[in-house]
Ligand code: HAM
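Consider the single chain below, provided in structure tokens and representing the form predicted on its own.
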């Protein structure tokens, strides 16, 4: 028997597929309320896109991408995250030449070759939003509030963590201080941190090695080395979060897992899925459009890993909806099918193709969570009517087939 690949699962069970659809519908509705519109980008992109955008020092590019040479001798890969593709589309379609702010949301499949575990798969789904052209930190605030609104709507508890990564004015001097600290403690660094020290030093703060984390407790803090502009933006952000009643923790080691962030970085974490784990994250990336050969454009975004949320989503009680159509006699099936197909133009309809007794049809309609059970038998055929039961109001009637 051929089985699915490890870490690539089916979304098949009714409850799981309902939760997935409910998340997409809820998050999409809230994103539209914030002025975002849907974008779909290809699952397959040039490898160079992610090497330049995500950064070759990241674990995603260095260890996790599904990369191969296609039949045209091009180096391509399955997308490991959503932002780079949206930025590529933004530039390719010349939106970087327009002065109007552009806001997009997306949802789709991503791929990373990593060790599968609960809530972390090799093929997984992300929902994300990207905003281009707005330099105000209030756009960062809107992103955070949008994620808060999504999680509130889904009944998901969270803790918000914040940091500022500075910009090109204050990051270089901080990087020098950090590298000096790392040089002084090089013998204590893990292999990954020794590599990151030369490729992207700030990424060492994200190291999960316990010994490294203990060491970095005494490392220089970027929050204490911000320039006046970055410090002002961060203070404005936290002041507005206070006004909005959003609790947060400042985490000076929060650098995110991708190289393109600057200034605001945020992460939503949950303790309801075992150890404290990230369920959403994002921040500002004002230089990424320029890095990918577009015109300098301020930008900010976030992404939510959907699989991590599946067990946390609190589903509303599903209301009965639509019609179940059933026939009592074999020779009524053809007419029943015509009536059911006509009704599908205006309502959700399930048609049973086999003749059954009334009790069996009512049981099937109840299992399908239908609001109405419509039955056609010999008597209804001769009278031009159809028997209808409202499974909520518990009422029965016979109506003309044309009135249906």
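Quick caveat: nothing in here was measured; it's all calculated off a predicted structure. Numbering follows the first chain given and starts at 1.
The next section is about a form of this same protein that is not shown, the form predicted together with histidyl-adenosine monophosphate (HAM).
- Of the candidates 323, 216, 174, 106, 106 is the one whose heavy atoms come within 4.5 Å of histidyl-adenosine monophosphate (HAM) in the model of the complex; the others do not.
- A heavy atom within 4.5 Å of histidyl-adenosine monophosphate (HAM) in the model of the complex is found for exactly one of 240, 287, 221, 112: 112.
- Proximity of residue 281 to histidyl-adenosine monophosphate (HAM) in the model of the complex: non-hydrogen atoms within 4.5 Å are present.
- In the model of the complex, no heavy atom of residue 201 sits within 4.5 Å of histidyl-adenosine monophosphate (HAM).
- Interface residue remark: residue 124 is counted as part of the site for histidyl-adenosine monophosphate (HAM) in the model of the complex, having a heavy atom within 4.5 Å.
- When histidyl-adenosine monophosphate (HAM) is considered in the model of the complex, residue 134 lies well away from it, no heavy atom lying within 4.5 Å.
- Contact with histidyl-adenosine monophosphate (HAM) in the model of the complex, defined as any heavy atom within 4.5 Å, is confined among 175 to 183, 231 to 239, 246 to 254, 77 to 85 to 77 to 85.
- Residues of 298 to 322 lying near histidyl-adenosine monophosphate (HAM) in the model of the complex, listed in sequence order, are 301, 302, 303, 304, 305, 308, the criterion being any heavy atom within 4.5 Å.
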